[in-house]
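The chain below stands alone, shown as structure tokens; this is the form predicted alone.
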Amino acid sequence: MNFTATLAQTKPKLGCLADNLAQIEERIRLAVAAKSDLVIFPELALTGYFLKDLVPEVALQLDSPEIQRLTELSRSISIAVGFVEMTNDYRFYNSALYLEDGAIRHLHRKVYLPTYGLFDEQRYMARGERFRAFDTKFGRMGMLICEDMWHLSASYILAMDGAATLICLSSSPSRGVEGESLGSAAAWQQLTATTAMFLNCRVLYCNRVGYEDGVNFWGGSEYIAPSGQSLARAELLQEDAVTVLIEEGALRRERIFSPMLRDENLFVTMRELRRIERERGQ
């Protein structure tokens, strides 16, 4: 079915749950007013990114009032949002929720926690351990959080699990500035386009903006059609919101014209991966 999605490119305040929740609520209100069906926020939109020792201070459980509030708001519009999750055994995860019709439809915990360059997530967070597609009012979807998407197996698993739409929540810093071009933006645009094209799926990528500890986040959230074409892109380096129409016909046409997903041989892939596992274990 056709549906509309809003990419809410926000500027979270580091460690300020109340302010960030208020910002998210306002963006939800605007998306509802625009008659959008789904609103997507960036990675850790409720908390900010470079939290370090603040992680336990801002972590939420699934029954926390903030999560309950967003779940209630999902009665009017479906919501994808990032936050720090705390489990009953006091593990902390970089997590994303998909909320719909007043319920939690899916929880994804970031699997690949970067520990290179500017990043040190694994020092403060536990790793997620699975990728699962899930059913929504708008078809089967999968969720990724930033670094997850740079591991080809993640998107592949979700596509093999039936996801026709991939939602990626991101906090990508600006890097590689040369004149008016931005290396991190170019790299992400190439990645999302390639993923969409080779898996015959839609990609909804939502990246944050703003500064934390002198580090800038570049924005550039975008919708990539199953052809690999970018059909809508938010502004660079500033808060923005882009609402796009997701047409079912585009998915159907691309899967007929270029049936990459149809011809993918999962059984060969699994057999060869098991062989590699056996040989590496010897």
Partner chain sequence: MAGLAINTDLLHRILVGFVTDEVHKVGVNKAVLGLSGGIDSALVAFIAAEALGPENVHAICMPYKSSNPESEAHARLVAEACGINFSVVAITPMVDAYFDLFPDAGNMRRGNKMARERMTILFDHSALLSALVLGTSNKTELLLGYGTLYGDMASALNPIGDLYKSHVWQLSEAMGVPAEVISKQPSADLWAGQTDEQELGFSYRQVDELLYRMVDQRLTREELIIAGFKADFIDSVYSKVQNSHFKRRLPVIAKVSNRTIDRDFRYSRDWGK
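Numbering follows the first chain given and starts at 1. Keep in mind that what you see is a predicted model, and the values were worked out from it rather than measured.
Although it is not shown, the form predicted together with the partner chain is what the next lines describe.
Stretch 209-217 is the answer when you ask which of 209-217, 243-251, 33-41, 61-69 has residues with heavy atoms within 4.5 Å of the partner chain in the model of the complex.
Taking the partner from elsewhere, no residue among 92, 194 and 266 has a non-hydrogen atom within 4.5 angstroms of the partner chain in the model of the complex. Residue 190 falls outside the set of residues with a heavy atom inside 4.5 Å of the partner chain in the model of the complex.
In the model of the complex, the partner chain lies farther than 4.5 Å from every heavy atom of residue 151.
The closest heavy atom approach of residue 177 to the partner chain in the model of the complex falls within 4.5 Å. Under a 4.5 angstroms non-hydrogen atom cutoff, the partner chain in the model of the complex has residue 181 among its neighbouring residues. Contacts with the partner chain in the model of the complex, taken as any heavy atom within 4.5 Å, map within 1-27 to 11, 13, 14, 16.
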